[in-house]
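First comes one chain, alone, set out as structure tokens in the form predicted on its own.
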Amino acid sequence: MNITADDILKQSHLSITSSRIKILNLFLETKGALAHGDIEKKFGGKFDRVTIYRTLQTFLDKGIIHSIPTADNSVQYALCKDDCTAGHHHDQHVHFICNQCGNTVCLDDVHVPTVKLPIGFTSTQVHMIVSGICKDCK
């Protein structure tokens, strides 16, 4: 059974709005990660920048998507897996960025190694980015 945007919004106790449905459907249809600008381009001005930003922030807060930092200090977003919830992201996997096509892909089966921090340091989030050439560009 495929989960729908409506299902995800209901499970996250979010109201079902046109912008949320359309943006969430875009994530469900996309193989890799999306940047704010990708969403803007896709909808060609149908939603303003603030609506997209607020929708992404709400999805982040509810554990629907997770953020992926990029080398140019921007952020991309990808769908979380089933075990993420509001305030508790469990997407400890490697992200791969293709140097040729620019796609960012979650490598769900490749986990971030444990980082042993010095006494007194506490991590709140660990990101591991690998760059290279993806299988489609090879």
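The model shown is predicted, which means the values in this text are computed figures rather than measured ones. For every residue, the number given is its place in the sequence shown, counted from 1. Superpose the two forms; the largest set of C-alphas matching within 1.5 Å is the rigid core.
The next section is about a form of this same protein that is not shown, the form predicted in complex with a further copy of the same chain.
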* Counting only non-hydrogen atoms and a 4.5 angstroms cut-off, does residue 125 reach a further copy of the same chain in the predicted bound form? -> yes
* Distance check, residue 130 to a further copy of the same chain in the predicted bound form, heavy atom within 4.5 Å -> yes
* Might residue 110 be said to contact a further copy of the same chain in the predicted bound form, defining contact as any heavy atom within 4.5 Å? -> yes
* Using the partner position in the predicted bound form, report whether residue 99 sits within 4.5 Å of a further copy of the same chain, counting heavy atoms only. => yes
* Exactly one of 79, 105, 56, 34 has a non-hydrogen atom within 4.5 Å of a further copy of the same chain in the predicted bound form; which residue is it? -> 105
* Shift of residue 18 between the shown form and the other one at or above 2 Å (CA, core fit) -> no
